[in-house]
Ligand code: SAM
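A single chain comes next, written as structure tokens; it is the form predicted on its own.
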């Protein structure tokens, strides 16, 4: 079943010889009903510009446009995908801009008008790096209202993890400090071509107007990174390089010096960062 007048994705891939490349982290979603469902997880897009990274043959791109996105900016590293994406641009006049380039180097704000949302089946090899960049801009609120992103299931679970769980760590704290993340869809390997070895999940993150608790961003990032780089150690040992009186500062923040990072909540980490300012 199609969501528009364009050919099925298998036909598009065959016509343009778009076999997925492992070096680019490519796994294409072929079911257009599924891509439309993912687009709907991003909310009402009729008044928004949407940034999409790694559109490939354009499955999610078509989902976003068919669901009413005001305009889509698709940044694609693989120049082989340009003709297929151009066909979508012709079918949706003046609503799709395609930029062939590296998403880590392209400034999307040159092509987008607020309000802006991000929706993407992120290439596995750059997904986490892009998320961290979007969560750590120099100023907050960020340029985006929400992020609706496909990850390997393991990464998705790390984003929404809570203290005491194996998945809990730096990524959970980074995401939950400034955003409201939740897993909104699970996808099996067979939904993709080629099927990856792991399951996937879609995470929707809504930007908070301000961080949940006050803390200096760079300092909080440093505290959290040091704590989880040696997560098996007690915090008094893992963080001893931060201050000579680190035990007193931990206690003042409501943390026992013998605690380990995986048991400490976001509010306590922010309190510790404030004592170190």
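Just so it is clear, the model here is predicted, and its values are computed rather than measured. Residue numbers count along the first chain shown, from 1.
Heads up, the form predicted together with the named molecule isn't pictured, but that's what we're talking about next.
In summary, among the residues 219, 238, 29, 36, the only one with a non-hydrogen atom within 4.5 Å of the named molecule in the model of the complex is 29. Of the candidates 71, 77, 158, 204, 77 is the one whose heavy atoms come within 4.5 Å of the named molecule in the model of the complex; the others do not. The stretch from 87 to 95, 165 to 173, 182 to 190, 115 to 123 that comes within 4.5 Å of the named molecule in the model of the complex, counting heavy atoms only, is 115 to 123. Residue contact with the named molecule in the model of the complex: residue 257 places no heavy atom within 4.5 Å of it. Using a 4.5 Å cutoff between non-hydrogen atoms, residue 56 counts as a contact of the named molecule in the model of the complex. Residue 137 falls outside the set of residues with a heavy atom inside 4.5 Å of the named molecule in the model of the complex. Although the partner is absent here, residue 154 sits far enough away that none of its heavy atoms falls within 4.5 Å of the named molecule in the model of the complex. Contacts between 84 to 122 and the named molecule, taken as any heavy atom within 4.5 Å in the model of the complex, involve 101, 102, 103, 121, 122.
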